[in-house]
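Coming up is one lone chain in structure tokens, specifically the form predicted on its own.
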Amino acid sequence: MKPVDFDYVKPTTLAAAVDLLAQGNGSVKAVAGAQSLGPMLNLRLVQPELLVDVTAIPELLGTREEAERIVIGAGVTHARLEDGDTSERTQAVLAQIASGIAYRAVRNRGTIGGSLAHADPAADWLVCTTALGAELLLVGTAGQRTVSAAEFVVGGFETMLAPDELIVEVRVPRLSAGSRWGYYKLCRKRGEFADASAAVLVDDARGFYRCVIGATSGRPIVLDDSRPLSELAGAAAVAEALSPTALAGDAFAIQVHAAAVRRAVRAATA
């Protein structure tokens, strides 16, 4: 199939992009790498009247390092992060995550902000930025606001993003030198969307411990204290830890996600 007819604009300023989004009453879509939006257009799952290409907006394209965090423009591609656009220990984590997304052609075009805005429950950045305690800077006609990655997603393919807002920055806290990180996704072959995924961060220096479970068909499941997970002996114990979550009642889903959790914990504690 082919998409319905639409207009296309490529603004060079953030203000111009926001104004275009605000004028559309929901009929305007922002686009960067189009790795998700492109197929949806062809299948006519979305039928916008206007596409606003945000890849020429400087605020979305840079990275910078601050004392306590690394700031990534929403238009930065997976490939740039894979290749080490940032440094320090956090960079190794970001590069690891990025390298497992699809294949290189997709990583050359797909962006971190686009992935988060799309909010596919099985996507890598959704789970990992939540586990890392990242924040997102959103800009719209009403000004700017900052939300945590954990709060940003409200459901499968649903976010707090207003129709006139863009993700401008992803702010990832620096990991302490002794921090431990593990991420594992179960999929049929490397690079595919996950059937189950889990990310675990243990950062004693900051007192930050989190396990996030993804590919749940809804928003990621956040366990704010990942420390007890390292003490769990087997599948039954992990399943018990997951039973109060949204996976309750689905024995197969619990077992599959429990396997992802155990492997992420193993990677974080190895």
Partner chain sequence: MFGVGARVRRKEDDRLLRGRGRFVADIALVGMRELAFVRSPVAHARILSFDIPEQVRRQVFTWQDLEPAGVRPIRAASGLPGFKVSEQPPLAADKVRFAGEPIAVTVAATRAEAEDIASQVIAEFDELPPNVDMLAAAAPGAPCVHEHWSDNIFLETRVGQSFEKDVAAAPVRISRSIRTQRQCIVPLEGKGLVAHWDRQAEQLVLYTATQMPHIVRSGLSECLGLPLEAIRVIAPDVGGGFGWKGLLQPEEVVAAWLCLHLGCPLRWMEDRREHLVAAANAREHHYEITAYADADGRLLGVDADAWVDAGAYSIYPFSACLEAAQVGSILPGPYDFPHYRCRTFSVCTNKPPIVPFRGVARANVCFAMEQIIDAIAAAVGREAWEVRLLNLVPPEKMPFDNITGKHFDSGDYPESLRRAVAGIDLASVRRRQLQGEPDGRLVGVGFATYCEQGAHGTAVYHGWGIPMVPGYEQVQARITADGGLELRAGIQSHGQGMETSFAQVAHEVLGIPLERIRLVHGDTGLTPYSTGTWGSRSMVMAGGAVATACRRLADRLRRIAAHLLQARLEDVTLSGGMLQSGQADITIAEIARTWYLAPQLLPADVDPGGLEITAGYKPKSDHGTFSYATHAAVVAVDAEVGLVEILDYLVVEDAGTMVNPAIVEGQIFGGVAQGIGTALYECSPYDDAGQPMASTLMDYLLPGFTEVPAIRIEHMETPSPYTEFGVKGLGEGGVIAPSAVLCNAINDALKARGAVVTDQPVTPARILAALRNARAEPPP
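Bear in mind the structure is a predicted one, so any value in this text is a computation, not a measurement. Positions refer to the first chain, counted from 1.
As for the form predicted in complex with its partner chain, it is not shown, yet the points below apply to it.
Since the chain is shown here on its own, which stretch among 183-191, 148-156, 165-173, 125-133 would lie within 4.5 Å of its partner chain in the predicted bound form, judged by heavy atoms?
Heavy atoms within 4.5 Å of its partner chain in the predicted bound form occur in 183-191.
Report the residue, out of 246, 22, 259, 14, that has at least one non-hydrogen atom within 4.5 angstroms of its partner chain in the predicted bound form.
None of the others qualify; the residue that does is 259.
Is residue 64 close enough to its partner chain in the predicted bound form to count, meaning some heavy atom within 4.5 Å?
Heavy-atom contact with its partner chain at 4.5 Å: absent for residue 64.
Even though its partner chain is not shown here, does residue 270 get within 4.5 Å of it in the predicted bound form, heavy atoms only?
No, residue 270 is distant from the partner.
Contact between residue 205 and its partner chain in the predicted bound form at 4.5 Å, heavy atoms?
Residue 205: no, not in contact with its partner chain in the predicted bound form.
Does the 4.5 Å heavy atom contact test between residue 43 and its partner chain in the predicted bound form come out positive?
Although its partner chain is absent here, residue 43 would touch it in the predicted bound form, with heavy atoms inside 4.5 Å.
Under the 4.5 Å heavy atom criterion, name the residues of 243-269 that approach its partner chain in the predicted bound form, in sequence order.
Going through 243-269 in order - heavy atoms within 4.5 Å of its partner chain in the predicted bound form - the hits are 251, 252, 255, 256, 259, 262, 263, 266.
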